[in-house]
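Taking the form predicted on its own, here's one chain by itself in structure tokens.
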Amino acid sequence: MATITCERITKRYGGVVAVDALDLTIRHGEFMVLLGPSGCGKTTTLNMIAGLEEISEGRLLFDDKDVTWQPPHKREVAMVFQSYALYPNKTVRENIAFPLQLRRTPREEITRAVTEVAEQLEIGHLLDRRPSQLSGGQRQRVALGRAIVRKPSVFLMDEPLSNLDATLRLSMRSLIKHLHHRLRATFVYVTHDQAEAMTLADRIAVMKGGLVQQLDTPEGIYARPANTFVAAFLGSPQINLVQGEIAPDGSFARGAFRLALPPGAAQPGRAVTLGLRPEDVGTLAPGLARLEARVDLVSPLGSETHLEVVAGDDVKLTLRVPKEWRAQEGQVIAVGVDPARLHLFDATTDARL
């Protein structure tokens, strides 16, 4: 295992700053996910940790050892790529064994290590096949095997599941999580998929424009997003964000739309953005704020139902309700909202209040 410390690391491409003075510590044995949209700097950060990209400014430390200028092969890291990067002319056995062969590991030790890794990944029956004879999920298991067999202190994964279909992504996520628990190595995982981030990570660094917007546990980021970008990036359906102001009675107001807030949530007259997660509604009960809205669209999804509604004059919201709800398009419904589960952000800075 290793602790990775990024001390204000920066990457510039000419006049373009891809990563801007990043301070980040990844703990021993932690599963850290770098999450964000395309172009946010997450892959560049991963490549700097791997040594594949030169750091423009700052320092990179592995266990307090400065590796800023150390070449990739001396960093004891293993990378798993989106493209699998397997040798097409080699068998599965030869692909997995290749890193050990480069180290001139004894043949008997290579055979034992390859067999052990193949059993862990349930690909022992594929060892004599070539990559062209494998499915996408099988190829990704071979790529994982090639990384694991080296027994590195750090695993770096760059969107390794993005080429797989939905069912395979689920099974591979489970496999990667089990591997982390078994190996207890430090994992750094890049993705734009919030479901991967939420299910795999010990902590998530949400990135935008080369900057970390928030670093926290999945639960912390979801429950207490630092700003509207983070709030909108995590959650499906996406959080409802409504611009308005704090009314004299302390409630949120936008035109005819009103929603009670916790006492003292913000100063009356302040311009704010209200965040309401679609699942944070339920049947009316004491202590809950009342939300009335007209149903515009009903989308049954089997396990749950999504409602597109209009509240007040023009406030469009998406609500996620139990499958037992029998709402009809055009119907006016009333639901309960726990004021404590609402989110408020400054309308100018987008920062959490």
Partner chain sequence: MAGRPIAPRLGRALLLAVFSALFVLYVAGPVAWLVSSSLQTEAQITAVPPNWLPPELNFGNFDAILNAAERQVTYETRRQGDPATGGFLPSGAANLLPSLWNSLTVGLWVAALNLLLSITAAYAIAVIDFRGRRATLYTVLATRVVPDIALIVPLFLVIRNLGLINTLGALVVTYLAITVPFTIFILISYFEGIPRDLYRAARIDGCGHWRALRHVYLPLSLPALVASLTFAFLTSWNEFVFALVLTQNVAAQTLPIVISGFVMDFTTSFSFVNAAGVIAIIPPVVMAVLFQRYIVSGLTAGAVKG
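Numbering follows the first chain given and starts at 1. We call the rigid core whatever largest set of C-alpha positions still superposes within 1.5 Å between the two forms. If you're wondering where the values come from, they're calculated on a predicted model, not measured in any experiment.
The same protein also has a form predicted in complex with the partner chain, omitted here; what follows describes it.
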Exercise. So which of 30-38, 58-66, 286-294, 45-53 is the stretch with heavy atoms within 4.5 Å of the partner chain in the model of the complex?
Worked result: 45-53
Seminar exercise, completed: Interface check vs the partner chain in the model of the complex: of R103, R224, R270, H178, the one with a heavy atom inside 4.5 Å is R103
Exercise. Just one of R112, R184, H125, H73 has a heavy atom within 4.5 Å of the partner chain in the model of the complex. Which one?
Worked result: H73
Exercise. Within 4.5 Å of the partner chain in the model of the complex, do we find a heavy atom from each of R258, P278 and G312?
Worked result: no
Exercise. Hey, in the model of the complex, does F229 get a heavy atom within 4.5 angstroms of the partner chain?
Worked result: no
Exercise. Would S83 sit within 4.5 Å of the partner chain in the model of the complex, counting heavy atoms only?
Worked result: yes
Problem set entry | Contact of Q238 with the partner chain in the model of the complex (heavy atom, 4.5 Å) | no
Exercise. Contact between R173 and the partner chain in the model of the complex at 4.5 Å, heavy atoms?
Worked result: no
For this session: Residue by residue through 140-162, tell me which have a non-hydrogen atom within 4.5 angstroms of the partner chain in the model of the complex.
Result: R146, R150
Exercise. Superposing on the rigid core, does the Cα of Q267 end up 2 Å or more away between this form and the one not shown?
Worked result: no
Exercise. If we fit on the core, is the Cα of P131 displaced 2 Å or more between this form and the one not shown?
Worked result: yes
